[in-house]
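Only one chain is given next, in structure tokens, and it is the form predicted on its own.
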Amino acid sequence: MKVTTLHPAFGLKIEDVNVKSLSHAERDEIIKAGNTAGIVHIPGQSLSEQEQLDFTSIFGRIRILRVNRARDSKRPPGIVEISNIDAEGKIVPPSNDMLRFSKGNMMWHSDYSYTADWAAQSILYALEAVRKGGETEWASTEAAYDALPQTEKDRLGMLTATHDRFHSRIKSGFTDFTEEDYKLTPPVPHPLVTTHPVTGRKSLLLGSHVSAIDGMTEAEAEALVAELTEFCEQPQFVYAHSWTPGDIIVWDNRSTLHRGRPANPTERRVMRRTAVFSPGVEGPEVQVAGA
């Protein structure tokens, strides 16, 4: 196993390992990295859907996902497919509901922050990648928090934000929701500054799901989120990944934000994502698919 640094602020790359046949030492090293490094890149893998689920389970209890209507996917529970390919293997047009829904993933967010139980690690595995574009970017909200003046840390530490799944999707132009959807994932509050349960480090919990901040008008809350997000997306806090088939990236939603970047819609792109609950969190067994 070879371990190197991905970015000066955060992230590790782990090579010369097969996640389908990990030794105890390799497994422990990957779990540790997944809980402390923010992001972990493991290249050169070949995984079936079940093998990805098996690997994901080393980090915790897998989130079992109800497929969003727009995705029309036949994947097993726990797998979310992110692609531009339909059930017949053809590239879908940009107007397709699946792609319209996925536009929300191009805004900075933390997976499932719109739920009380929130996601710990997410795992994205690349089966097919475009030749140019389609990168995923991660921002270290721990490193960004550390760089803030103490007076700003004190102010932000007193604030509570509301996270709403529909807020982010509506902003990206997808409004095709039912009453059942709204009942399944109502808005939830989270502190604007959170403490990581493993490392004890503090970070900013931001992203496109934030719809309100207690004690602020809508305009004030939106301005603060935009200001802090702009601070987090400075190059010294951001790692951008260009995908190669066989890449796995594990990221910690408790210490990072992420977003997808535009890809050539005429090229095939197929990714699979899985996620786990935070350790000790007992959330509902079924959640709505999508970040």
Ligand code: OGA
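Don't overthink the numbering: it's just position in the shown sequence, from 1. What you see is a predicted model, and the numbers here were worked out from it, not measured in a lab.
Quick note: we don't show the form predicted in complex with this ligand, though the next part is all about it.
ask   = Okay, which stretch from 191-199, 156-164, 214-222, 133-141 lines this ligand in the predicted complex, with non-hydrogen atoms inside 4.5 Å?
value = Partner-contacting stretch among the options: 133-141.
ask   = At the 4.5 Å heavy atom threshold, is residue 121 in contact with this ligand in the predicted complex?
value = No, residue 121 is distant from the partner.
query = For residue 260, is any heavy atom within 4.5 Å of this ligand in the predicted complex, or not?
reply = Flag for residue 260 set to yes.
query = Can residue 84 be called a contact residue for this ligand in the predicted complex at 4.5 Å between heavy atoms?
reply = The answer is no: residue 84 has no heavy atom within 4.5 Å of this ligand.
request  = Mark residue 105 yes when one of its heavy atoms lies within 4.5 Å of a heavy atom of this ligand in the predicted complex, and no otherwise.
outcome  = The answer is yes: residue 105 has a heavy atom within 4.5 Å of this ligand.
ask   = Across 226-257, which residues bring a heavy atom to within 4.5 Å of this ligand in the predicted complex?
value = Heavy-atom contacts to this ligand in the predicted complex: only 251.
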